[in-house]
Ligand code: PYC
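Take a look at this one chain, the form predicted on its own, written out in structure tokens.
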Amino acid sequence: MQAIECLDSHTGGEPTRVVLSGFPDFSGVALPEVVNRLRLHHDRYRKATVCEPRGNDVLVGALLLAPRDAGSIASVVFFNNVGYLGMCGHGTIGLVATLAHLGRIAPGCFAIDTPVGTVQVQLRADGSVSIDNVASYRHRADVELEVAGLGRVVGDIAWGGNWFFLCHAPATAVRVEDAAELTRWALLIRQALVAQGVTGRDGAPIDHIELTGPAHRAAHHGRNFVLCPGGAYDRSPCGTGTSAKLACLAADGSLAPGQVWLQESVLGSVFQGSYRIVDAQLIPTITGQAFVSGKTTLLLDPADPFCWGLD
């Protein structure tokens, strides 16, 4: 019987399952190729880790690997119920909290390699984590869609480590009580993007939908509902989604470098965001906190008909 050793955490309510051991050996393999090999040859490990019966649609997995770049402390590949993610903000915060729990790091600044680039992180003494994310940008502004059941929807396409379509929530405040309706709207928008051939740069599919609205607390600046690729919504304010939002605000001239944006999730959990310009690129900084919630040994019994997860 095989075993996959994991540590679980949540960031603003959004869970991360860090895989410590039990996956195939990818020593010395570049991260994009690790993703390719997982997708083509070892995808059942993803399903066994985050899909039912051991996981759920909300859970994000993070395969912890040795660093690929000199000076980094680790590398990571993120995955969810339907595939692989280039970057994951809440998952990176969860990974840092996990490394601290394991005693591998103390408060300080570190680099972590991801398939879309190396990110800089800072662990503070209070447990909060700041991520300098990959360079983010708005690809297109004021994109018009005709969405069945919603009519005309206008939004921006932006990159924050994943591709996002950002628009105002159609007709309601962004509340967790309305999660089913918000999910329905976001799915309709994603279907319209596909049907109308609207993509990110170089034809990349836009697999995250970010519905925005006013903050519920006066001290904050906005609230979002982010639909993830597998159809579940992000319980956190979404690190890559907040990065995409910062890129759009900067492009509109609505947020200056270094100015703080406090982003609420649909649950009310908060990320602090800001950005700086480095070599003409926008580098977002996202700050949040994760809490380790469990130590998990997943057992893979070859006699179990659902050993490798449900699709």
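Heads up: residue numbers just count along the shown sequence, starting at 1. Predicted model, so just to flag it, every value in this text is computed and none were measured.
Quick note: we don't show the form predicted in complex with the ligand, though the next part is all about it.
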* Asked: Site superposed, the ligand placed from its pose in the predicted bound form: open or blocked, blocked meaning at least 3 ligand atoms within 2.4 Å of a backbone or C-beta atom?
  -> open
* **Contact test in the predicted bound form: Asn162 vs the ligand, heavy atoms, 4.5 Å** => yes
* Classify Glu210 as contacting or not contacting the ligand in the predicted bound form by the rule of any non-hydrogen atom within 4.5 angstroms, answering yes or no. => no
* Asked: Gly89: heavy atom within 4.5 Å of the ligand in the predicted bound form?
  -> yes
* Taking the shortest heavy atom distance, is Gly94 within 4.5 Å of the ligand in the predicted bound form? -> no
* To do: Report the stretch among 175-183, 100-108, 232-240, 121-129 that approaches the ligand in the predicted bound form to within 4.5 Å, counting heavy atoms only.
  => 232-240
* Name the residue from Val76, Leu166, Ala169, Cys228 that puts a heavy atom within 4.5 Å of the ligand in the predicted bound form. => Cys228
